[in-house]
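Take a look at this single chain in structure tokens; it is the form predicted on its own.
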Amino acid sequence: MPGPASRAAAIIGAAEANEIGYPETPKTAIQLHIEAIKNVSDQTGIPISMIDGIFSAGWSSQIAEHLGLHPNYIDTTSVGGCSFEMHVHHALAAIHAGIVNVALVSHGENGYSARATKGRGTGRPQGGDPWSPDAMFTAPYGVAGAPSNYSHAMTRHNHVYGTTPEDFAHIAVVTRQWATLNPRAIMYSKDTHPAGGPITVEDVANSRMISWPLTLLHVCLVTDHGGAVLVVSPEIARAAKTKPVWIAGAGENMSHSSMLEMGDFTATSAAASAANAYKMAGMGPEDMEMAMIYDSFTVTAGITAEMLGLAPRGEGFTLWKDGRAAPGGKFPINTNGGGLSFNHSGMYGMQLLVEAYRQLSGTAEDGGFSGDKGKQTSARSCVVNGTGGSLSTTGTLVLVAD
């Protein structure tokens, strides 16, 4: 039985910044935010002046000032790549409580441009704290930086379940297949990137080593991205010119902050956040027809699929290996090309939301802008899961078509 907040709000639009990926002229994070917000307002016909709640990973007050807004609800939750799934959860709660009617969830991150600007325009302080627990107690044990963290997860999964890096390579291969249907994907074709176009398991295995056993094609891109979604009350959703996608369930959780405190390198808090989302929705993994899963690394997606109940423990990779997750398969996953081949600015949760909306609203094929023929699925339900930190924080949504 669904919970009282189930379907108390809907996403009625999702848009991206004008130029994403590897822009020729460096972008600032706030520029990416504002472009996406303007685009989602134009898409939905909802004027910016109607926005009464702002949700972002630390940027909400700056966004409000840029837009000339004085919101009734301000959320700056910033816990990594799942922040945006949590923002949707919080917006659902605020709308259900009658606090706001039009909630903006926004993200802008210039992961690529920051290289040219030397970190300026990112909104983040530069440099680390040598007295932080991670610096003092984690780095000396060889856990320093995302690739080394996720290498531990891969090797542990291989040891416990007898899997191999080649098993997880199928995730990269299938995700690339989806990218070749998305003209905005970095790896859409050889024309968009020298390494673009289809890849094989052998290509993944033979690509440059990053942190054993993770080679380059097991690892996400580093790009620019801006995205925005509007979450609104049922009354506004019914009157909007765009199709609503209903928030049937939402949940969030965390298991640790430092990876040294992770109880099991093959299990994440996605099991708990998904359980909460499924409970609210009155649905289960067996009711899902599609998934958008955070894929900072191939191992992230494989393990998360297991946590979401989409595959038995130790067998998450089979969704990709047997073709179920591929174009034309029975259970499509990451239909935009994922963080592995489409776009990954550092925090990837917004890209998951945008693609989930496009799929469930039937707008994933849009004349070659973000979808060629074959990208649109027939799915009517989708589980969306973001991951933050080192496999630590997670936010899960259950979204359903109107």
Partner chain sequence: MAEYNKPIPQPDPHSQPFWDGAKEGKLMLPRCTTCNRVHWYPRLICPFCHSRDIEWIQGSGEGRIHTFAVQHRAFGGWADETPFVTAYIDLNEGDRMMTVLRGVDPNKPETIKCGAKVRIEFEKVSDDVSISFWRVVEGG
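These numbers come from a predicted model, not from an experiment. Residue numbers count along the first chain shown, from 1.
Form predicted together with the partner chain: not shown, discussed below.
- Of the candidate stretches 203-211, 280-288, 90-98, 181-189, only 203-211 contains residues with a heavy atom within 4.5 Å of the partner chain in the predicted complex.
- In the predicted complex, the partner chain stays beyond 4.5 Å of every heavy atom belonging to residue 193.
- Taking the partner from elsewhere, residue 111 is found to have every heavy atom lying beyond 4.5 Å of the partner chain in the predicted complex.
- Under a 4.5 angstroms non-hydrogen atom cutoff, the partner chain in the predicted complex has residue 156 among its neighbouring residues.
- Residue 243 falls outside the set of residues with a heavy atom inside 4.5 Å of the partner chain in the predicted complex.
- With the partner removed from view, the residue among 312, 162, 130, 328 that has a non-hydrogen atom within 4.5 Å of the partner chain in the predicted complex turns out to be 130.
- Checked against the partner chain in the predicted complex, the residues 239, 74, 260, 116 give one hit for a heavy atom within 4.5 Å, which is 260.
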